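Okay, so we've got a single protein chain in two different forms coming up as structure tokens, structure 1 first and structure 2 after it.
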Structure 1
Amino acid sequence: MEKEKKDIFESIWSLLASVKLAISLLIMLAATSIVGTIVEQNAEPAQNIKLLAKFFGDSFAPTVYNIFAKLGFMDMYDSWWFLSLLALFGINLIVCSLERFPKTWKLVQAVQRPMSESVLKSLPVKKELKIKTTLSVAKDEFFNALTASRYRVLEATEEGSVQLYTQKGRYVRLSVYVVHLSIILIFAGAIIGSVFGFKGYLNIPEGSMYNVAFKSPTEKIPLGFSVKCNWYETLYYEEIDSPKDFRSELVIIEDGKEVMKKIIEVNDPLTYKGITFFQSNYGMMPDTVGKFILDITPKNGPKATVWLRYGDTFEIPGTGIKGTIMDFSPALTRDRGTGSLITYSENMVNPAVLIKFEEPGREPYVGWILKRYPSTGVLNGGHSVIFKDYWGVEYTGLSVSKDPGVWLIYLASILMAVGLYVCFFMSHKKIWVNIAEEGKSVNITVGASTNRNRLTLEQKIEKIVSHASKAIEGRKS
């Protein structure tokens, strides 16, 4: 019975240590990830059905969608089977590493010893030369050349010959396990983030506050605090309607107190208690009446900011000039055909407010003041009315996420970069230099081996031999 248990354990261990299993798991992860990339995750059914119709036709798209939904492809990266594949691949990688590590460690810890001249000549990298000099001089200069290349040189002496031997980078062989560890940490971070984190969204109108995010229209995620949007703003490039930046001012409120405030942009989110709010989209709220924010500045006088609604009247201090809000356009332009003013978008692309001005001793007049073009608010006499915003009619769209495993992924990325650099650009090099007397000359045999980058080692040997040979010639002269 004990033998059967042992056999079962060995079979499971052999399976988990199999390279074939690793390749199979990689293929499955790659294939499912392709589907997860094509199908938009956590999207509305109609959106994905429309997408699938391009591949399977309108009649089969709903059926394919239902199959994919049952298989978990609509939220694939959080599905139990995808996380199980990641976990199994991680276990496979750990077992493979444990299975092969002892052999690698034995190579790392192996003590380098002198070699016979015949064995040296059989090494992958070798160089032979004969120089007219003494054994002592040749030994000293090759020792100096190796030391100059930062090798720690050992020496073995026999009658009529001496051998110098050294190695560098023996721990480089462990770099592959650093890469394995980084992959395991990435998988661990992804699993931790999926199990203990969340991804959602939140559309907050200006001036509104929420204490939940939404994973779907019906599924709420409690935040543990409230987030408020003070204002939202789209910045445009001059003279064109292409957005340059999207900004929102968010406030974190906890226990009735403001604990944090930040203006977020597309690549500059707000993070509080591990929950991150990213600027993702924006829009106008239908059938909403907001407030006009105007900066009123009389000539040579102080600026005053007023908040007004449709039909409200204001006065420019000290001038007797009164203004009344008459109309608003979110995107005002002039029709090239008719020359009349028109609204060409429902979004606040080129917002403008129509104001009726009344001035003592003059006929009333009306004029459009455009937010993006402050010069339209400069009045006769040097006074100005600047349209700052139509507040309360836009919402800021936020992506909300909590990922407690992200620090593991950052750490793993650093480890992987270091491991891959060592793997590809460094190697374990061993060098032997045998110097034997022959009359008034010495025969020099240089042999070397490396686990990778053989060409680089050959160039290094050439450099060492050249350096030592020139030094020997210099001592002759």
Structure 2
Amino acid sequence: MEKEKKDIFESIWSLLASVKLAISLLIMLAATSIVGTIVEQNAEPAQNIKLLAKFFGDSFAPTVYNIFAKLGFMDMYDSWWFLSLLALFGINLIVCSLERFPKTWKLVQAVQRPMSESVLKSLPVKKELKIKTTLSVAKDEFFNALTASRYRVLEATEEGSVQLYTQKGRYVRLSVYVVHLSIILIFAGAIIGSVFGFKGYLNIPEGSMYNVAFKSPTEKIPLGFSVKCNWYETLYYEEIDSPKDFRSELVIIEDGKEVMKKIIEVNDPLTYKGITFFQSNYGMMPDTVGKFILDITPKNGPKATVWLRYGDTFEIPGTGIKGTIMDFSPALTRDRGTGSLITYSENMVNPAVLIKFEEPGREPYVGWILKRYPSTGVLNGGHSVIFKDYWGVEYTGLSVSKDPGVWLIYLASILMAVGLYVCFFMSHKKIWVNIAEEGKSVNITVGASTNRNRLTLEQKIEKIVSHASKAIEGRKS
């Protein structure tokens, strides 16, 4: 009974350690992942039923959908079986590495020993030559040639012969374990992130402040501090409506004090106390009136910034010219057909303000000033009224995340990169040079082995041999 239990345990262990299992798991993970990219994840049922109808016909699609949904394919990457596959993959990797590591470690630690000439000749890389010289000269020159290639050479002397032997890069054999370890660390980082972190969102209207983020409309996550959006803006490339930048100015307020202020943009978030705010979205708030920010500069006078509401009147200092805010368009353009001015988007693509100017003794006139085209704000008299912003009507859409596992992911990435580099571009090389006296000549047998890139080693051996034999020739003359 005891023995049987042990047998079962052992066979499970050896299954978990097998590369066969790894191969099957890789195939299963790849195959199921494909399904997950075809079926739209976390989508409205109707969408996927429509998709399935293409394969199974309209009448079967709902049934197939229900089966698929039960199996978790609609939220596949979070389903119990996909996570189990990943877990099994991780366990496989750990067990397999544990099984093999001691053997590799022995290989790494093994002391290199001199070898008999006949064994040398059976090595994958070998070279034999005969040179007229003495044993000690040949030994010296091969020693030098190997040392020049940065090998640390050991030697064993026998009657009438000497053997130089050396190895390099034995720790390269550990690189596979570094790669495997990095995968385990990525799993660990992902688990830490999903247990201790969160992913939420937060839409802040310009000028407002929040101390929570949202996981869903009803689920709040307290931040532990407050975040305020001073302003949001979309910058556009000149002449085209292709966005150049999405930016917001955020302020972090803790215990009533401003502790941080930053203009964030896509690819440049703000992080405070482990919580990061990313620019991910924007939009207009319905039914909100904001404030017009104008930069007013009389000719030869100083600039003044004013904040105004609809219908407000301002004066260009020292000129007697009065302006009144008449209208606003978030996206003003001229209709190609009729030539009249129209608003072509709800979003602030090309914001414009209509201002009525009145000057004593002159006819009042009305003109649009466009934010994206400051030249539209230059008046006849050389005064300028620049439309800076219509503030308070947009919100900035932030994604808010806390992921205490991310540093581990980054560390693992570095390990993986280094591990892969070493694994594929470096190798463990062993070289033996046997030099035996025969009359006035020496017979030289070079044997070498490597765990990778035999071709490179062969070239290296060629180089060392020719280096050494040239030096030997040189000594004669």
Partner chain sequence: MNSSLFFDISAGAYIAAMVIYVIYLVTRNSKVGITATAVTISGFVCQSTALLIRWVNSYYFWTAEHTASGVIESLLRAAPLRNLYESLIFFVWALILAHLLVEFKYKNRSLGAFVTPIAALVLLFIDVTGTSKEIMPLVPALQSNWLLFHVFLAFLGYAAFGVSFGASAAYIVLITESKFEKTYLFWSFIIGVFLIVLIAMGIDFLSLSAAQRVQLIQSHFLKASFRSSSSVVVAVSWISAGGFFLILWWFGYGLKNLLTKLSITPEMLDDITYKSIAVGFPLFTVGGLIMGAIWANSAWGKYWTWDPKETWSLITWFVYALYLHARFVGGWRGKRVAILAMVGFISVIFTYLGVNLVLSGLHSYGG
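By rigid core we mean the largest C-alpha set that fits within 1.5 Å across both forms. Note that the structure is predicted; figures quoted are calculated from it, not measured. Sequence positions of structure 1, starting at 1, serve as the residue numbers.
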Assignment: the form predicted on its own: 1
Splitting the chain into two rigid parts between structure 1 and structure 2, is Gln167 with Glu44? no
Through how many degrees does the small rigid part swing between structure 1 and structure 2? 9
If the rigid core is lined up, how many Å does the C-alpha atom of Trp80 shift between structure 1 and structure 2? 6.7
